[in-house]
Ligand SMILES: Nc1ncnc2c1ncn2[C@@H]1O[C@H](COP(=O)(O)OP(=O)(O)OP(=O)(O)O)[C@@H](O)[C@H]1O
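Given as structure tokens, the chain that follows is alone and in the form predicted alone.
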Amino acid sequence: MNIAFLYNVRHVYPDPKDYLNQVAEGDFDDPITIKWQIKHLKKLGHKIIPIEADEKAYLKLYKLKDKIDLVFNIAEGKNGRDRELQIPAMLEMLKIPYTGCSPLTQGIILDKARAKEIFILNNIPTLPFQVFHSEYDELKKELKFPLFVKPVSEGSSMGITNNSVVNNLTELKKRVKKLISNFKEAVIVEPFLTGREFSIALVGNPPKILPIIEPNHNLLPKKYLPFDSLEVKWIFEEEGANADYLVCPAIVDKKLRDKLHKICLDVWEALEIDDWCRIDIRCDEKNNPYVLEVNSPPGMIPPEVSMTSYFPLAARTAGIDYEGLLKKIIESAVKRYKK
């Protein structure tokens, strides 16, 4: 097939202390990642047409629309709170088939508050929350400290650092003000859980659940709080000093595994997800799981660049190499369009 590969390229590596860098390109992929992704796609035998998802992407897609059989979309979009739906919306307009979720689903997934509202309507366990538009908003009485504060529409742990956990009103207001000022968007506040955390990848239609990933927070240095902060995901994990930090498959009993699998399938159905995604879930101290957020498109860094990228890691554990994973995503999309 002629496959257009839609991506956003990062020019500066994310820095936990540099919010402007996180806002501009935090969700994007490094040039070396894009290079290897294209290599792997070509090895599947397809003709690959790389297109950066910038302001000129629509013009290129319009020009090539009759030559493109499928778009493999990992683009995050540029500018605005609904940026992840930009490329799917363009492709819908041009009637070009593509991998991944529809524009509506992408928009909902990016907005964590809207996604949680749908979870609640569908009896999917998620934490109580509040959206703050200003540090002067009054905290709901049912929300008790410690609380977790993060941007409402960011991915890749952008805006999530050691300072995301707040223990009193003063810290809450300071954090809310900082995030709103830098990310120019609302923030979401919810209880901070200290139980086990899981990341679960799904691929296909109907979806196949890949082996569960669990970060072993006990291996983190004392300077890091036990959650997937920017410092942990972009510095600690990539240092490779603790190869045992990401446990895959996670050691869970059948009761908990069945519960996690059901939650993931319920999320997939409620949000009408297509082809692939990754779902982050965290438990309370009693091992009750709650959905934190959905990642679509999830990170897909090739093993030549990183061995800690969650989706490929789960696939490798299932005996699926990187090219095999790309093939499954492509086949899933093709199957949908042939219906």
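For every residue, the number given is its place in the sequence shown, counted from 1. In this text the structure is predicted, and so the values were computed from the model without any measurement.
Although it is not shown, the form predicted in complex with the named molecule is what the next lines describe.
S.K.: So in the predicted complex, does any heavy atom of Ile96 sit within 4.5 Å of the named molecule?
M.R.: Judged by the heavy-atom cut-off of 4.5 Å, Ile96 is well away from the named molecule in the predicted complex.
S.K.: Taking 4.5 angstroms as the cut-off for heavy atoms, does Glu197 touch the named molecule in the predicted complex?
M.R.: Yes, Glu197 sits close enough to the named molecule in the predicted complex that at least one of its heavy atoms falls within 4.5 Å.
S.K.: Is Leu292 close enough to the named molecule in the predicted complex to count, meaning some heavy atom within 4.5 Å?
M.R.: Yes.
S.K.: Please check if Glu190 has a heavy atom lying within 4.5 Å of any heavy atom of the named molecule in the predicted complex.
M.R.: Judged by the heavy-atom cut-off of 4.5 Å, Glu190 is in contact with the named molecule in the predicted complex.
S.K.: Out of Cys101, Cys264, Ile108, Met158, which one falls within 4.5 Å of the named molecule in the predicted complex, going by heavy atoms?
M.R.: Answer to the contact question: Met158.
S.K.: Would you mind picking the one in Arg81, Lys78, Lys173, Lys233 that has a heavy atom within 4.5 Å of the named molecule in the predicted complex?
M.R.: Checked against the cut-off, the match is Lys233.
S.K.: Want to guess which of 292-300, 35-43, 62-70, 268-276 is within 4.5 Å of the named molecule in the predicted complex, heavy atoms only?
M.R.: Looking at the other structure, the answer is 292-300.
S.K.: Please tell me whether the candidate spot formed by Phe132, Lys177 and Lys184 is one where all three residues come within 4.5 Å of the named molecule in the predicted complex (heavy atoms).
M.R.: Checking in the predicted complex: none of Phe132, Lys177 and Lys184 is within 4.5 Å of the named molecule.
S.K.: Output the sequence-ordered list of residues from 106-141 with at least one heavy atom within 4.5 Å of the named molecule in the predicted complex.
M.R.: Residues within 4.5 Å: Lys112, Leu127.
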